[in-house]
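Okay, so here's just one chain, in structure tokens, the form predicted on its own.
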Amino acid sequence: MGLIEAVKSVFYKPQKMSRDKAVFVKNLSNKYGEKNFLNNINFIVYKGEIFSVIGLSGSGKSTLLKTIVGLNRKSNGIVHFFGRNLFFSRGIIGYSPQEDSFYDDLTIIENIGLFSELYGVSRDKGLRTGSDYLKKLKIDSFKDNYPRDLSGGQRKRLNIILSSLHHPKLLILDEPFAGLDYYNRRILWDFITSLRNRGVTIVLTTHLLEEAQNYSTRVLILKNGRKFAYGTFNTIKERIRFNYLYHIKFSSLSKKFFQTLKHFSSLKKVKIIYKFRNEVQFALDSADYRDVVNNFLKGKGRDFKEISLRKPNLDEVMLASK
């Protein structure tokens, strides 16, 4: 048995029927001292998905990505990419961190040439790919400039180009849209969608919940380092029993009665998710629970006006997860 075969026999045990699973994560934890940054995370990303990891600041999104690509050490769990562990998968993964990953003392085209060689791609091939991506992301006119000449949004795009030069099967992006205006986000989403259409699986973190809802096949919601919800948007709504948002306005709303209202809303299928002055929004399991809320308020002799009863968006689902 040769050296490579010997290493494979110890470290590489391919999972049967897992080639359609671009990312397989089981019981993943990241613990430092007494603090759990990630606690027993389980999820699957299927080949060809745009998969979004969302959550409030400090929920563990970046830590999760860094852990699955090996930048943070996991304390427990299994991570496989297309049926293989990280050791045998590095060449098919692209990772773009939040921080700038390029060299400011090299021009953009020099960065592309260097990163191509680091990935084991011939310089000529890398430069062709990089030039194509520069055009698609609208920064080809800067190719002979230094990165310091780029705006924040353009630097984000350069980060992603440099992580994609080797044509990875899986592209992992940490907050690629942070601080970008609509124009820059539109350009980046178009590029990400084009990669997905060519068979690249995308995993990203974002705070842009409406866009995550529009573009993602499925999402993972993290809360305090734990998996709060996971699946399609409709699956998550059902999971937290939030299928309708009911918005009402009171003629007056005292602190004392709001406490009474909060006690009432401890019902499993009715939850207050937002209050502003005399307006309150409820998460309802079904539209029928509007009558439950109305009958309670009428029984208390409260004057109120119905503003709306509608399906929630992902931002509102996140409010309900607090």
Partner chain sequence: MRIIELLKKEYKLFIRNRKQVWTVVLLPLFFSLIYVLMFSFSNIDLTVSVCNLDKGEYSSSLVSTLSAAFETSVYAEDNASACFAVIKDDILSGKMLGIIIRSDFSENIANYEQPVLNLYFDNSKPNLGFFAQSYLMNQISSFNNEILRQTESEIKDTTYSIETDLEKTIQLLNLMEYAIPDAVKPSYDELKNNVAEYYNKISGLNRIDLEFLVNPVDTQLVGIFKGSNSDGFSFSVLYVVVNIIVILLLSSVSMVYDRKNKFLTRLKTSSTPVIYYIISKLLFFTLIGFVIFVPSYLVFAANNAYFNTNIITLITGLILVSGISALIGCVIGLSSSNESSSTMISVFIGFLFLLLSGLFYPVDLLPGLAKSMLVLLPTSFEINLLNNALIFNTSIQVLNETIYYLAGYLLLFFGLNYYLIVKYQ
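Residue numbers count along the first chain shown, from 1. Fair warning: this is a prediction, and the values are worked out from it, not measured in the lab.
The discussion below concerns the form predicted together with its partner chain, not included here.
Chemist: I need to confirm a contact call. Of Phe250, Phe177, Phe191, Phe115, which residue comes within 4.5 Å of its partner chain in the model of the complex, counting heavy atoms only?
Modeler: It is Phe115 that has a heavy atom within 4.5 Å of the partner.
Chemist: By the heavy atom within 4.5 Å rule, which residue out of Tyr230, Tyr133, Phe82, Phe102 makes contact with its partner chain in the model of the complex?
Modeler: So the residue touching its partner chain in the model of the complex, by this definition, is Phe102.
Chemist: Specify the contacting stretch among 192 to 200, 177 to 185, 218 to 226, 69 to 77, defined as having any heavy atom within 4.5 Å of its partner chain in the model of the complex.
Modeler: Flagged stretch: 69 to 77.
Chemist: Is Asp140 close to its partner chain in the model of the complex, meaning a heavy atom pair under 4.5 Å apart or at it?
Modeler: Although its partner chain is absent here, Asp140 would stay clear of it in the model of the complex, with no heavy atoms inside 4.5 Å.
Chemist: In the model of the complex, is there a heavy atom of its partner chain that lies within 4.5 Å of any heavy atom of His167, even though the partner is absent here?
Modeler: Because no heavy atom of His167 falls inside 4.5 Å of its partner chain in the model of the complex, the answer is no.
Chemist: Does its partner chain get within 4.5 angstroms of any non-hydrogen atom of Asn159 in the model of the complex?
Modeler: Yes, Asn159 lies within 4.5 Å of its partner chain in the model of the complex.
Chemist: Taking the shortest heavy atom distance, is Asp149 within 4.5 Å of its partner chain in the model of the complex?
Modeler: No - in the model of the complex, heavy atoms of Asp149 and its partner chain never come within 4.5 Å of each other.
Chemist: Taking its partner chain in the model of the complex, which residues of 63 to 95 have any heavy atom within 4.5 Å of it?
Modeler: Those in contact are Val69, Leu71, Arg73, Arg90, Gly91, Ile93, Tyr95.
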